[in-house]
Ligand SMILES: CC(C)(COP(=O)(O)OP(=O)(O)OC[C@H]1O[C@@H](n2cnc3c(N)ncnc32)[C@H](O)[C@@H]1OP(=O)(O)O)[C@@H](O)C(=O)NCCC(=O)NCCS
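The chain below stands alone and is given in structure tokens; this is the form predicted alone.
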Amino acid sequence: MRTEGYEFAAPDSWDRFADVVALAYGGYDAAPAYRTVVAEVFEPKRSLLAHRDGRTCATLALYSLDMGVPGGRRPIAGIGYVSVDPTHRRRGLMRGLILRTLAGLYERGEEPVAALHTTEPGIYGRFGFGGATRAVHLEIPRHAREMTPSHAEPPLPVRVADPADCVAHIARIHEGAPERRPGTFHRDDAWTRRALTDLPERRGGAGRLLCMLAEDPGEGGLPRGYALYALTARWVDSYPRYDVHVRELFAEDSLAYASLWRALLDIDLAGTVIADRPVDDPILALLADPRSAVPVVRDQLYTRLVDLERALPQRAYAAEIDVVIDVADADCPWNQGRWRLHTGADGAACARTGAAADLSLSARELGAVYLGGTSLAQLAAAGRVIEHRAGAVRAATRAFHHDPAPFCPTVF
């Protein structure tokens, strides 16, 4: 694939960028109100456009994210809106945009890890991105709403409100999420507005966005959890069987969490409650009949180590480890070679070494395990990780693992 004759430069505005995105995604023009919300989080100086003969023909947006990784929040480069004009496909433009972005991050000493959501999972593995988070899709039918007995206190009081009136509560509760679960990132005011955007033309037939708040029972108590959801009217044999679409649900404690789910499952007129949740979400343990929810696991966020030497020490590990990893990475050759990863009471260190390798893998596998949700042992069983020293896979699997599993509910 060649990109001769193309120029790559930062865009001067979101509107110019968005025109190419709209064309690549089927010609659907975003409403002006939605363009305004998205423009607030757009970073033109970090993003890229490809031009030829004065015409813009490909895009890549780059976001400065403060994302949870094992051990706390860290800077992550979020990649989004990778698109190519239909008349300029198969000319290496996507590859050119991605490799320029990765090289630029490394050369400027910026975020050592990049992450993206993908519309086509088969594409990004060849650029070193590995599937790092998964979501379980649930469709909880009316007959499967019974919950297992709980030793918790009585449920918290729950009320329904307009999300616009709850922005401060939503932002405060969400603020703690990245510390608890890798993959979730800090949302400033602009990202919060984007998460709460509720334009009629983007509802897909559903009603307006609603917010449930689980509140502390004390006088003047603050909400301890919230759920954003919308209902789609559906009738079966003249009976109302509305679909309840849960957009997101965050809680500060297990009681607030369970209270919200009990209220969601008890909505009048509802037939099915639909949600995408973490693979280890407590709802799977709360339901007395989780089988009827037909859980389906799907890939979600993909991550890529841009600068391995900085990326590996910036996360925490579940167990001490001293391992030599032989890494194949043709697209980021500065990562290629053997590295010793050593963890201990003082944290982690990673340095080049001439010692014999304990494990061999590619950048894609490192990206997959970085957030702690993908098993190195599983990858090894699939032939994607080679063990040279007995026990190395088991030890590394234990060290990279994180509980709870990573999850990224906000698409960027």
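A residue's number is simply how far along the shown sequence it sits, counting from 1. Keep in mind the model is a prediction, meaning the values are calculated, not measured.
Same protein, other form: the form predicted in complex with the named molecule, not shown, and the subject of what follows.
Interface membership of Gly92, defined by any non-hydrogen atom within 4.5 Å of the named molecule in the predicted complex, is confirmed. Taking non-hydrogen atoms only, Ala399 never approaches the named molecule to within 4.5 angstroms in the predicted complex. Taking the partner from elsewhere, Phe127 is found to have a heavy atom lying within 4.5 Å of the named molecule in the predicted complex. Residue contact with the named molecule in the predicted complex: Ala395 places no heavy atom within 4.5 Å of it. With the partner omitted from this view, the residue of Thr118, Gln314, Thr192, Ser292 that lies near the named molecule in the predicted complex is Thr118 [heavy atom within 4.5 Å]. Between the options Val327, Ile170, Cys211, Val84, the residue in contact with the named molecule in the predicted complex by a heavy atom within 4.5 angstroms is Val84. In plain terms, the part of the chain that comes close to the named molecule in the predicted complex, with a heavy atom within 4.5 Å, is 93-101 out of 93-101, 153-161, 232-240, 265-273. If you take 292-307 and check each residue for a heavy atom within 4.5 Å of the named molecule in the predicted complex, you get nothing at all.
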